[in-house]
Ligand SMILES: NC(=O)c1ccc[n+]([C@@H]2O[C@H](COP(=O)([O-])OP(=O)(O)OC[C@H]3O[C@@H](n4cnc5c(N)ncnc54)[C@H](OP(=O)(O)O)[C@@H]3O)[C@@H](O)[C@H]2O)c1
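One chain comes next, on its own, written out as structure tokens in the form predicted alone.
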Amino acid sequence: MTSTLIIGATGLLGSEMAKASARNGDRLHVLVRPATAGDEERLHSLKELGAKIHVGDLDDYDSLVRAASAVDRVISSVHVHSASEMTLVRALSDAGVSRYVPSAGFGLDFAAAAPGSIPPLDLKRGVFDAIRQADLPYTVIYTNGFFSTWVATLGDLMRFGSSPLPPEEVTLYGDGNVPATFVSEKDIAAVTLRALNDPNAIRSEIRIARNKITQNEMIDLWRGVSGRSPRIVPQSAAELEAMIASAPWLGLLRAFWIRGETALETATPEAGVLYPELAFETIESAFVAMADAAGR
């Protein structure tokens, strides 16, 4: 039986990874920070999955080696921080894991996104370079847009976390007719576990490019499903560029809705083509679930 360590298993994506790993029949291990280790409520669902709990921190090399030495493969679903990720790469290399899925891939395909335009993405590139230099047996999954971040906000990243439902007011970027692609966290986990079981996916990159839709189409779909009609605030590409100048991370909005980089074809194999047996959740079904939860 294969053993898999999930780093960040108490988060939204990490919890889906843990469930998918358990369904796969893995011996599930999770790494949690000391502050989380005593929180029985947060750990309850993981313990129900039969997870073995390791206490450690991304800045604690020894704790990472101990946890990684107990498993065959590792999935990281935590946000990328340069020094911490480099410590993790070194620890996994020293522990000799057979496969590593880094969080550096969860986002835009490096082959499509313009270097230098989004600082967080350039940080991820640096981590990926370190993984290759360490000769770790990696599999990188490029996800493009998460449902929880982009679909739940109708494509307006500035509204993230403001409401459990899509916003009543949404910024429309550019003309709203540039396509982007999106995937649910559950489907990201399904692709990841399928790739981990694929020997051909070692030292390879896979992109998920499902649910191609423009921002206008997404807003119209939400209107049709929910009967709600959000107020539209138009923002030109030039206005967005002015915002990016003072907040560079907003380059993600440019990549999605102005340049259309998530929908560009690249040489990176697409998950739905590689694994046609996988079914992907649609944006419409996600909207129906949101509307039903709100009682329409």
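Residues carry their position along the shown sequence, with the first being 1. In this text the structure is predicted, and so the values were computed from the model without any measurement.
There is another form of the same protein, the form predicted together with this ligand; it is not shown, and what comes next is about it.
- Interface membership of residue 57, defined by any non-hydrogen atom within 4.5 Å of this ligand in the model of the complex, is confirmed.
- Heavy atoms of residue 93 never reach within 4.5 Å of this ligand in the model of the complex, leaving it off the interface.
- Contact between residue 106 and this ligand in the model of the complex is found at the 4.5 Å heavy atom cutoff.
- None of the heavy atoms of residue 282 is located within 4.5 Å of this ligand in the model of the complex.
- For a residue to qualify, one of its non-hydrogen atoms must sit within 4.5 Å of this ligand in the model of the complex; none of 171, 214 and 254 qualifies.
- Stretch-level contact check against this ligand in the model of the complex with heavy atoms at 4.5 Å: of 197-205, 222-230, 106-114, 128-136, the positive one is 106-114.
- Residues of 2-36 that come within 4.5 Å of this ligand in the model of the complex, judged by any heavy atom, are 7, 8, 9, 10, 11, 12, 13, 14, 31, 33, 36 in sequence order.
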